[in-house]
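In the form predicted alone, a lone chain appears below as structure tokens.
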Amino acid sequence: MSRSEKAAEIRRIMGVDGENIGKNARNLSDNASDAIAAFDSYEELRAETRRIKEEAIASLPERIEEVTEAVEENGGHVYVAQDAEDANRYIEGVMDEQDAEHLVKSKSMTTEELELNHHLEGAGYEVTETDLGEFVIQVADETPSHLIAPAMHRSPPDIAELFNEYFDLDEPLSEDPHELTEFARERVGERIREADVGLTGANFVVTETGTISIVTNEGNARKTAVTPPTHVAVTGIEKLIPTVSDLRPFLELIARTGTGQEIGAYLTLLTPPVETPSLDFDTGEYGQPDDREFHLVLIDNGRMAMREDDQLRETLYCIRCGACSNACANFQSVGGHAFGGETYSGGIGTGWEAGVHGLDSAADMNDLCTGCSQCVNKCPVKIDIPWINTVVRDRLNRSNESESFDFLVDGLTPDAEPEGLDVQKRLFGNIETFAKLGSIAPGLSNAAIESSAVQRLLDRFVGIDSRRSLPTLADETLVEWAAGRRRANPDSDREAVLYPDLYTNYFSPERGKAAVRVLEALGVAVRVPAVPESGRAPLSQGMIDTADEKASAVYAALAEHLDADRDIVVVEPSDLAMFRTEYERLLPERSYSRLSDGSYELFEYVYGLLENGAKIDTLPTAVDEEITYHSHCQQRTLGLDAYTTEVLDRAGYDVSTTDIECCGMAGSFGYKSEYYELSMDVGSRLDEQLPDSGPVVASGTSCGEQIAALTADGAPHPIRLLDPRQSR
């Protein structure tokens, strides 16, 4: 798919699904945030779920043996299917043995992965979905747009129109959700009573007892499991956990993170085959309890290979609560029909698609994860979802075929990537190189950057959208400026290194100069040495080897300062996030710990100085001046945004904050022509929270650029408010 075709498809899906997806996903995300904030045991239970999952996946072969023994001892059957064809063949065999014609299903993403409905219907069987959302999309002949809310993209009026057209009713249904639900309940209930076989998924399977745990909000799964005489449960092998007591932390978290409920409306624990007799609803006669059949079908379909993959293994810890999708700004605009592959959607969907369907299935959705990290603290199993997306992006980059003129681009860029890398990614991943070259003659470079002819060429051949204004290079870099001035406070006991990140150094040195002057006014001796870019730029493009080289170079440049007990102060939050999170995967453990422990976000550092005796009145202050502050998404994930608010408050500002997940710019994402309109759609939600007039400040470079594009006003870094020179 070309860039223009991709942009057109995203635009189409935003138009069809965007409004409903956005409203419903944000509602669930807000509810989850409230539920998490009110739950004191959240972090403790997250650590516990993580431990249980790590141990269960590590001992997966033993867990499969244990559950097989337990289920067979209970009187049921276990089948481990190697792939979709194997699983579908087995389930069709069960239907044949039971002389069945009709199967009812509760919601199951795993059977979506198998395309079970298509297989059984092709073999002549009738299949009825019983989950309300699945029932709707079965009638509409669509695919799910969300892991737990498959019809999230449809509104009640949409569904009323669909039902009225499909069922040809004498009395048309209204748009009242209660009437629509009642209609579906009656239809589904009738089909459950008529069914020969009931098929469910399972949220968890306890291996010591063979107990199945199902969490729903409708109760249809319980009816599906126990009403027909034969029950088939289909689930991935990653759903196995050792003991009943291990269920507790998962059941405490799954509804809180997914929907914001303390617990799901229906929590079902079954140890099948159940002992209650089945009922023939036509004759009113009960069957014999011993006649009940139970089959547990465990799906591998690539999961054992994922278990052996150090980078994708974390995906198997997923409990499919959907929290990562709800928290994702891009998902809120397009939903799973754009941010999805063959089966799975949202942030974690990339790992699932790559693992069970192959890399190609993840290709079109992968770039929609911008690494904003808003999903990280919402995941109940502490999965590093942005890293999984980065790994998949890296593998996709390496799977590209090289083209005839790749050698020309390779020669211009000193990265560690192979031929075949998309030229757009190679440019953004090597932006430091181009900034260095451009800074040799910034006036000439800026004339070229601002030329409409150059912008058209970049749009056509590189995919940089010409509707965006490109940042211009400063006449003097921050490092050059610092080298030409006398350092203040040379005898101070506290020394700091201001990290000259790529954007502050080459494009926005004024905020770096303001930071130096503020720290000096607070009594700190400040150095600004030349240090390479953190690796954030290449990592965002999936160029892991290049980012790894950058990380090593940064540590080498800063090691002597750490040895001298100098604090590392970082202006750009995305670079501090590199030091504190991604570097754990890129540097030796001791190097990572030293740099992570010795680095501070700028306002975190200023706050620390004030708490240790520095005086705010050594800086310019205000008297209840109103200011709107937009913090960076990764700054929020690290829990650092409150320092800026507190310091500005002490300086006399009346601070209002935005709470939108992401500005939509996300570094290079908003510059890419295929994503420009999506980026602006995400940004429009931030725009709604900005004041009609009055100053706005933003911590992130790209946040400021997006706000400037939305409002035509700049949004400088908040440190400019405290600059002793007050030149904002």
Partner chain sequence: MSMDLVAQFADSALETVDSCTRTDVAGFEEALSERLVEPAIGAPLTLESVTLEDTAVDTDPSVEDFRTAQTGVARAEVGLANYGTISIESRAGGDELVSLYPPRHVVVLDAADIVPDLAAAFDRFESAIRDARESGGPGASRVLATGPSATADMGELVEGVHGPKEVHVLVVEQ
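Residue numbers count along the first chain shown, from 1. Remember, it's a predicted structure, so these values are computed and weren't measured experimentally.
This next part talks about the form predicted in complex with its partner chain, which is not shown.
Judged against its partner chain in the predicted bound form with a 4.5 angstroms heavy atom cut-off, the residues 522, 670 and 691 are out of contact without exception. Only one segment in the set 592-600, 368-376, 273-281, 340-348 has any non-hydrogen atom within 4.5 angstroms of its partner chain in the predicted bound form, and it is 273-281. Although the partner is absent here, residue 320 is not a contact residue: none of its heavy atoms lies within 4.5 angstroms of its partner chain in the predicted bound form. Among heavy atoms of residue 131, some come within 4.5 Å of its partner chain in the predicted bound form.
Not displayed here, its partner chain is approached by residue 185 to within 4.5 Å at the level of heavy atoms in the predicted bound form. In the predicted bound form, residue 42 stays away from its partner chain, with no heavy atom inside 4.5 Å. Site annotation in the predicted bound form: the residue of 642, 269, 556, 530 reaching within 4.5 Å of its partner chain with a heavy atom is 269. For the candidate set 264, 76, 302, 260, a heavy atom within 4.5 Å of its partner chain in the predicted bound form is found for exactly one residue, namely 264. In the predicted bound form, 208, 209, 211, 217, 218, 219, 220 are the residues of 207-221 with at least one heavy atom within 4.5 Å of its partner chain, listed from first to last.
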